[in-house]
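Listed next as structure tokens is one chain, alone, in the form predicted on its own.
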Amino acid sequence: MNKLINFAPERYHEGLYGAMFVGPAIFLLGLFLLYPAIRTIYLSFFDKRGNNFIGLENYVWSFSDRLMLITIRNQIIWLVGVVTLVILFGLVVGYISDRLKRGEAFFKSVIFMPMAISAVGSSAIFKFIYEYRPPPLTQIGLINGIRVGIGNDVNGNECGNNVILNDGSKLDYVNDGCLRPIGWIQQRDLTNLPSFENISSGDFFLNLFVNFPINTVLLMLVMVWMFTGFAMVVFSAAIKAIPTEITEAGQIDGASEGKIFMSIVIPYLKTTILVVATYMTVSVLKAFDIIYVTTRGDFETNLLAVKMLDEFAKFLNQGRSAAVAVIIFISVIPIIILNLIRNRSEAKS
């Protein structure tokens, strides 16, 4: 390439050298990123085989099909819940760890440890925590194992998770009065939980609460557990950059720790919060492993990334799969615009 550039007039050498280094990268990005994106948008206007143009039919399906609407609802819950909880827990844990006089490194290591576990591994761990087996089988899930092993039945006999005692008798949970195991991942709503079985159908607000998708929220907690350590490390580094004179001035003025956190720490971390929120939003929109490992999208727990794969690989519908991919892409655009606005405002300041 150097020899070829030497044949050009000298005034073009600088630009050609730049193009020599940037050109291959732009070519590869265009081949593996830009072209597939354009091709995906193109296919979203065609039928399942990509042969016949059907206009916006795939997008109409996306916002009218019942299962697709449930998937969009779940994605919104994940976006709001995961991003909010990760930022909240990360801020609180990062602030608390920064106040520790001893053991800060150990404390942070423990909180950060889930980041070292793959999403598949984390999903498998929580799948065992939520595991359910129909009675009278022994419960191997952590929550159900504890649940059925406490309390007494109506006759005062101790309940147990099929525990064999030394005298050969067995403590089980099938008698009246013992708590029954709950299929946590199988719960589309709260209607099958003991506390909500007798809710009146005429109470609008209670019914709205009862229809809350509990299994979606429980799976959402897997991602919160995984990424809280990441947010903690980022926020902790930003907190250490806050001038100590400001926090000390607040303490001299009599401000409590909560007041210092809300009035000094949070305003200083606005940019960092936006960065973490952007990263988490993109991560949630790409969330795939957790749902695929735990439920495979069943029990109304699906997300857009899994739905995109289902339409392509399970139902062999290229058009609908492409439409779901475009919806995911469109969902990222507001975050991109927000970051562009922030970068411009910072450049001006």
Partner chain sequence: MRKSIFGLSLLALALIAAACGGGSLEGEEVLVFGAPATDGPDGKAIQEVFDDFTEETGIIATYVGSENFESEVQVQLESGDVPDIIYWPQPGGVVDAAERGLLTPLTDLGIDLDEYEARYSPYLVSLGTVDGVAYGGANAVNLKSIVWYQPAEFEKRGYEIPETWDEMIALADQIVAEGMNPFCFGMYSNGATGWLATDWMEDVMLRTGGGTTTYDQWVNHEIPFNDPAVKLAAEYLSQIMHTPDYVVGGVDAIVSTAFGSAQDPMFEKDANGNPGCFMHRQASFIVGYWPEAAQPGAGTETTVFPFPVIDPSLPKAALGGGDMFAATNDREATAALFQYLLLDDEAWTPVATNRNGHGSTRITANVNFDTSLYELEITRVLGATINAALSENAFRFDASDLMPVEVGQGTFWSEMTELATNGPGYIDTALSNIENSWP
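Keep in mind the model is a prediction, meaning the values are calculated, not measured. Positions refer to the first chain, counted from 1.
Another form exists, predicted together with its partner chain; not displayed. Remarks below refer to it.
* Interface residue in the predicted bound form among 247, 162, 122, 157, criterion: non-hydrogen atom within 4.5 angstroms of its partner chain -> Checking each option against its partner chain in the predicted bound form, the one that comes within 4.5 Å is 162.
* its partner chain isn't shown here, but in the predicted bound form which of 258, 267, 136, 103 has a heavy atom within 4.5 Å of it? -> That would be 136.
* Asked: Even though its partner chain is not shown here, does it sit in the predicted bound form so that 187, 294 and 299 each have a heavy atom within 4.5 Å?
  -> Every listed residue reaches its partner chain in the predicted bound form, so yes.
* Asked: Counting only heavy atoms and a 4.5 Å cutoff, which of 127-135, 239-247, 267-275, 91-99 contacts its partner chain in the predicted bound form?
  -> The contacting stretch here is 127-135.
* Answer with yes or no whether residue 66 is in contact with its partner chain in the predicted bound form, where contact means some heavy atom within 4.5 Å. => Flag for residue 66 set to yes.
* Asked: Just to confirm, residue 81 within 4.5 Å of its partner chain in the predicted bound form by heavy atoms?
  -> Residue 81: no, not in contact with its partner chain in the predicted bound form.
* Asked: Are any of the heavy atoms in residue 39 no more than 4.5 Å from a heavy atom of its partner chain in the predicted bound form?
  -> Contact with its partner chain, no.
* To do: Please run the contact check for residue 118 against its partner chain in the predicted bound form: heavy atoms, 4.5 angstroms, yes or no?
  => No, no contact at 4.5 Å.
* Asked: Going by heavy atoms, what in 45-62 lies within 4.5 angstroms of its partner chain in the predicted bound form?
  -> Only a single residue, 48, comes within 4.5 Å of the partner.
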